[in-house]
Every structure is written in C-alpha cells, then in structure tokens.
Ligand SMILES: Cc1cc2nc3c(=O)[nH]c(=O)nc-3n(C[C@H](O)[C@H](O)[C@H](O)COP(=O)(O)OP(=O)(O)OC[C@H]3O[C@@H](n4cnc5c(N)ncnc54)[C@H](O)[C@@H]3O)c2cc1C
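As a starting point, one isolated chain is supplied in structure tokens, in the form predicted alone.
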C-alpha cells in the first residue's frame, strides 16, 4: 500500500514527517479518514493489526450484502463501480476497500496492533506490537463497531455439548443442512442468518427473540429505507415514531400469530437507544410461512438442552448466537475517560474529548442513515479539524 516515490496527486505530503496522524484500524472508517487527511496534505499512517485492509468484512457470512445503497456507501474520493449493483456484496466491498487504499496510495502498515494510547505532551504515544512506541501529532481510532464478539455467559454454557458458536464464526448454511438450528438474537445479523439457514436446507430454524424488533422493508417501490433514514434523522423523535408506525403497518404484515408481534415502542425511539430496525431480506416471508419459528429468548443451558425464557426446553443440533459485539476500547483508551458507560466514545467525527484534544473516533455508531455514509462524513470532518 505504501510507496516512497513522489506522489503526483498529493505533492504536499511529506513522508519523512515523523509526527504523522496515526489512524488505528484499516477498515472503511480508518481508510476514509486517512484518504481525507491525505487530500488536505496531512500525512496519515494507518495501523492495521491483521495482514490486510477490511479484515472484519472478510470474516462476515458469505451471503452478506449491504443494506445501504451503493451510491450512499462510497467513501471519499472513489465511487463504487456500477457493476457492484445496488446492494453491494461482502466480496465486492472487500475488493473496493483494497482498491481504495491503492487508489489513494495510503500508507498502511499491517500486522501492527495498538494496545494503548496515551498523551505525551502535545503529542500522542501509541504502544504497539513488538514493543513499538509511536509518536503522532494526533490519533484517529477506527477499530470498528464489530470489534469483539459478545457471547453471553448463559448458565450451563460451559457444559453444553451441542454446537454453539457466535454469528461472527458463521459462514454459510452448508454444515447445517438437515439439522435443527436455534438462532439467538433478532437483529439484522440473526434475521439474515435464519433466512440463510432456511434457504440452505436446514430442517428446522427457530429464532430466539428477547425484544421484538421493528422490521422495515429494505426498499419500497424502489425507495430504499436508507434514504428515509437520512431524511428523518434530524426530525423530532415522536414525529418519526408516528410516521414509522404508519409505514410499517402499511408495508409489513402483522406476524403476531406467528410469534412476532408489533413492537410497543417507537422505531426512532429505539434507534436513539442504539437499536437499529431489521431490514427485511426474507424474514417476513419466512416467518409468515412458518419456515422460521420465533420463540422465547434463550435463558440457559441445562442437561444438554436449551432453556427458553418461557420455560420451554428444546434440543437443537446447533445454536448460533447473533448476540452482537463490543467495541473493545477499554484497554486502549479507557484510562482517558473518553468512553461512556457502554464503552462507546463520547464524541465522534471532527470533535475531540475536552480532556483528550487530538484524539478522534469514527465508526462507533450504527445510524439508520448508513454506517459507511456516516464514516465518510466523519472522515471529512476529522480532516478539516486536523488540517
């Protein structure tokens, strides 16, 4: 990714500057920030712990496509090819990130994991793999929203002898053909994996639901849900809740009899609490036809069985936990007082914490307007602040 020759497109970059801006993480948020900084003549060095950019995207399940449109998912300075289609696949997104780093001639150093960041006078000191100590004028933390898989410590989990894995380790339905599978968690990942299993030949698929989700159509009459998310995100929450309820009643059938009733709280109220609606990629039809069976939440394991919140005991062949991720920032910046009670940065984009000037964050929210779109906006704000 790096190239020591003169750069005709960015003649103001000084690669000998030993106090660059360090960008921690080589996913879309980090690459976008580095490209935006480079465009403004600021040297940025991306530190990526794996051996390639876009590492977390490479590990997602095979059928994954973005729920955001190609046009609204591109990063600064490079459109996505039309050949990717409207809903970009996982593999195409990985190819795009590789091309993005190459196109912008970004300085990407792979195999370097940052374990701690701390102030050093007016600079920042990064402790990294192999005892490295790196000094930069500023730091952009972009280690990702889906950093550390979260597997709940269900009672009896350690003694459960059935197949149990986190959704982050699920790739495709081939190993589950003809089997009885319980998917735990009804966010976008759990919903899509459940549909993938049904279509891939699983004998029975149950979906454990603790909190009934809002379900929206990914696109209605050609209008993507993402564009609605962009339009409404600054409107009053009660107004959006009412509009969202009306739209869902028109577009989404009542699945109460199938075990998936309508939520009793507003769609946007949930978003403000960090819960993104499920964008339908087949779940509605699968539940309506009985191919995916909503059941009560998983509470424990006992004597080789899964115990649900309503007392039901079932014996699936496999349990796939779509139970989310943690940001994993506590060890890196937790000592700086820049995280909230849920481990998320207290600021993002072009703002830095009052107690930590020069420390920036991007990619730690999951807005209904689209994560990649927000990363692109954050990147420009960060570059403007640092230039």
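All of these numbers come straight from a predicted model, not from anything done at the bench. Numbering follows the first chain given and starts at 1.
The form predicted in complex with this ligand is left out here; the points below concern that form.
Considering this ligand in the model of the complex, which of 202, 139, 283, 114 comes within 4.5 Å of it through any heavy atom? By the 4.5 Å criterion, the partner-contacting residue is 114.
Check, residue by residue, if 155, 183 and 291 all come within 4.5 Å of this ligand in the model of the complex, counting heavy atoms only. Spot residues vs this ligand: no contact at all.
Residue stretch of 353-361, 56-64, 33-41, 333-341 approaching this ligand in the model of the complex, non-hydrogen atom distance within 4.5 Å: It is the stretch 56-64.
Using a 4.5 angstroms cut-off on non-hydrogen atoms, would residue 147 count as touching this ligand in the model of the complex? Contact check for residue 147: yes, within 4.5 Å of this ligand in the model of the complex.
Tell me, yes or no, whether residue 70 is in contact with this ligand in the model of the complex, where a contact means a heavy atom of each within 4.5 Å. No, no contact at 4.5 Å.
Taking heavy atoms only, is residue 348 within 4.5 angstroms of this ligand in the model of the complex? Answer no; every heavy atom of residue 348 is more than 4.5 Å from this ligand in the model of the complex.
In the model of the complex, does residue 377 have a heavy atom within 4.5 Å of this ligand? Residue 377: no contact with this ligand in the model of the complex.
Listed by sequence position, which residues of 167-194 have a non-hydrogen atom within 4.5 angstroms of this ligand in the model of the complex? Going through 167-194 in order - heavy atoms within 4.5 Å of this ligand in the model of the complex - there is one hit, 189.
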